[in-house]
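Just one chain is shown here, as structure tokens, and it is the form predicted alone.
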Amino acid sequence: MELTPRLKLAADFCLPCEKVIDVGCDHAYLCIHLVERGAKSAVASDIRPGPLAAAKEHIAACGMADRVRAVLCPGLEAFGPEDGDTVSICGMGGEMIASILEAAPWTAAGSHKLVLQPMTNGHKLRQWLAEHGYGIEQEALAREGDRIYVVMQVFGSRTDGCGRENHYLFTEKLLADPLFGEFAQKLRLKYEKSRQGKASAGLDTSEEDGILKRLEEVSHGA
């Protein structure tokens, strides 16, 4: 099973694992890959019947129906702590990922590996994780086309490593990533544009000023 760079990084953060729950499963690519790499079983979950039907077809075509099952449900509502040791939530906005975790408080106990890949609002997800007792164990970047994606490996019952000192935009773990310079430049352009818009409207730009200052410090090795 060949994965995109984004999903391949998520798979690397999942391994090793035995029982996987993949929320927002997208054809069950990740589940099938992880079972091929040694997971005993996996559950491909989605809130939409269409993608779940496609996942079922793909699971059957790969001869994995005895080890990968598909479940229609929102978030983690159909699952409890005994259903998996690893939970993957990829391809959603950061606020949506936070809401899924908030509705499944068992994920905060620290006994489950969480692999999260926010498409937007990664800073809001990091802040929510910090405020609710989760910590980021690993964080890395993957490029697909002209986009760079962040993937996090997270555990509950931890209180550090969420990037508070960097305005929750990234953790210190990302600084050594080969793609960090490009990632930081994209952040810089985003917040420069935001600052210009606020300044033109006569609004407070202190948040953007702080972020841009920190990005400048990081670019110079501070």
Ligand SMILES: C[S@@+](CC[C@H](N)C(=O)[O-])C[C@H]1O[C@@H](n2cnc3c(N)ncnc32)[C@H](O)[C@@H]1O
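Keep in mind that this is a model prediction, so the values were computed, not measured. Throughout, we count residues from 1 along the sequence that is shown.
The same protein also exists as the form predicted together with the ligand; that form is not shown, yet it is the one meant from here on.
So in the model of the complex, are 123, 139 and 210 all sitting within 4.5 Å of the ligand, heavy atoms only?
Verified in the model of the complex; spot residues all out of contact, no.
Spell out, yes or no, whether the shortest heavy atom distance between residue 26 and the ligand in the model of the complex is within 4.5 Å.
Contact with the ligand, yes.
The ligand contact in the model of the complex: residue 96, any heavy atom under 4.5 Å:
Close contact exists here: in the model of the complex, residue 96 approaches the ligand to within 4.5 Å, heavy atoms only.
Since only the chain is shown here, I'm wondering whether residue 100 would be in contact with the ligand in the model of the complex (any heavy atom pair within 4.5 Å).
Looking in the model of the complex, residue contacts with the ligand include residue 100, since a heavy atom lies within 4.5 Å.
Classify residue 186 as contacting or not contacting the ligand in the model of the complex by the rule of any non-hydrogen atom within 4.5 angstroms, answering yes or no.
No.
By the heavy atom within 4.5 Å rule, which residue out of 74, 105, 110, 81 makes contact with the ligand in the model of the complex?
Going through each option in turn, the one that passes is 74.
Here the chain is shown alone; which of 53, 61, 175, 47 has a heavy atom within 4.5 Å of the ligand in the model of the complex?
Contact residue from the list: 47.
Taking the partner as it appears in the model of the complex, which of 39 to 47, 193 to 201, 177 to 185, 157 to 165 has residues with heavy atoms within 4.5 Å of the ligand?
The contacting stretch here is 39 to 47.
In the model of the complex, which residues of 78 to 98 put a heavy atom within 4.5 Å of the ligand?
Read in sequence order, the residues that approach the ligand (within 4.5 Å, in the model of the complex) are 90, 91, 92, 96.
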